[in-house]
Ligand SMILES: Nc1ncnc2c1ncn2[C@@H]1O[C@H](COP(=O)(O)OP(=O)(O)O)[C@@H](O)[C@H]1O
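First, one chain by itself: the form predicted alone, in structure tokens.
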């Protein structure tokens, strides 16, 4: 099987790594890829959102399966273009992808189909937002409607803070992700957890769970980021967690999609708050998360490429893979100014081999002719490690981080949280 991974982040590096290890995989390509994907296959200098160019390259190289990683590509309709050209594609249509690309669409979909979620009000102007906030009590989550790379959500501790956020967004004319629409949402209280379901257009099956860390600093301080670390499987949740998510979230979502004429193929990422009343949906993502993918892929055993191909063909075969009972923890190494800005770093050591149980996945980057790496994104590397339980996986991951930091030429410019998977 010849497989294309669409995207350029550490998520795509992890997917490429696992697909390349699949018995059914003959060759793996990436578009545009990064330093990691270049080490095991061929990178194409094609934007992840350029559906026309991707189709032409897939037909030329006889690609059997395209796996679309980033949300921007899904929102641009890349999966639709690939399917129309007869290429088996793991990733949802642009229409069903609105579960992520529009928070307002997603909220209204959940309300229509009885999916438990927080109370929220959509606003379309500064005056509208301020009017809603006149009658708001307590904390308020302010969410930009469109895609904002994990940086379009602000948890305001009180109404005055919420007013400040919407005034800043509307006055500057730079609402994260663009557009003019904002969602004002009540704050849910509980523990966050993510469940990933694999979908073949007719059914949804829970695949695995993970917990991620979105804030930049230790103790969940600082601004929201694209993610600073994660671990899997989740710890401290009810034993029947997956069954309850299947009943309360996945079943009504599937019924709702089918009722509205949608055929969802790909991964549905259910970002949940586990409250005293069980799971409530905070958000949906329509792809593997980053850094969640980096801690899920090392736990996969079997033919992962064949699993994705069976889902893309509408006949999901769960027997092709299993998940290891061992845990995995991942720590993101980022530039010192992240998420405020990205500082390109050149001359990083490309060889980051860390042993059988540890892996380092590259973020946005390029492999230079001399074998070194130029990093162009804020999140440079995700270092992951397996362990018999989460505590051991965490210890192994931080051992790997410290070992790697000694070898990276630009280690002084990198930062990371020290409390990932710490309880």
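Computed from a predicted structure; not experimentally measured. Numbering follows the first chain given and starts at 1.
The same protein has a further form, the form predicted together with the ligand, not shown here; the description that follows concerns it.
*Non-hydrogen atoms within 4.5 angstroms of the ligand in the predicted bound form: do 118, 187 and 282 all have one?*
Checking in the predicted bound form: 118, 187 and 282 are all within 4.5 Å of the ligand.
_Stretch in contact, per heavy atom within 4.5 angstroms of the ligand in the predicted bound form, of 246-254, 187-195, 294-302, 337-345_ = Among the candidates, contact is made by 187-195.
*asked:* Even though the partner isn't displayed, in the predicted bound form is residue 150 close enough to the ligand, meaning a heavy atom within 4.5 Å?
replied: Contact with the ligand, yes.
*Is residue 141 close enough to the ligand in the predicted bound form to count, meaning some heavy atom within 4.5 Å?*
Output for residue 141 is yes: heavy atoms within 4.5 Å of the ligand.
_Just checking whether residue 309 would be counted as a contact of the ligand in the predicted bound form - the rule being heavy atoms within 4.5 angstroms._
No - in the predicted bound form, heavy atoms of residue 309 and the ligand never come within 4.5 Å of each other.
*Though only this chain appears here, would residue 208 touch the ligand in the predicted bound form if you measure heavy atom gaps against 4.5 Å?*
Looking in the predicted bound form, residue contacts with the ligand do not include residue 208, since no heavy atom lies within 4.5 Å.
*Among 75, 350, 273, 126, which has at least one heavy atom within 4.5 Å of the ligand in the predicted bound form?*
It is 273.
*Report the residue, out of 216, 85, 155, 242, that has at least one non-hydrogen atom within 4.5 angstroms of the ligand in the predicted bound form.*
Contact check passes for 155.
*Going by the ligand in the predicted bound form, which residues of 83-103 come within 4.5 Å of it through any heavy atom?*
Only 103 sits within 4.5 Å of the partner.
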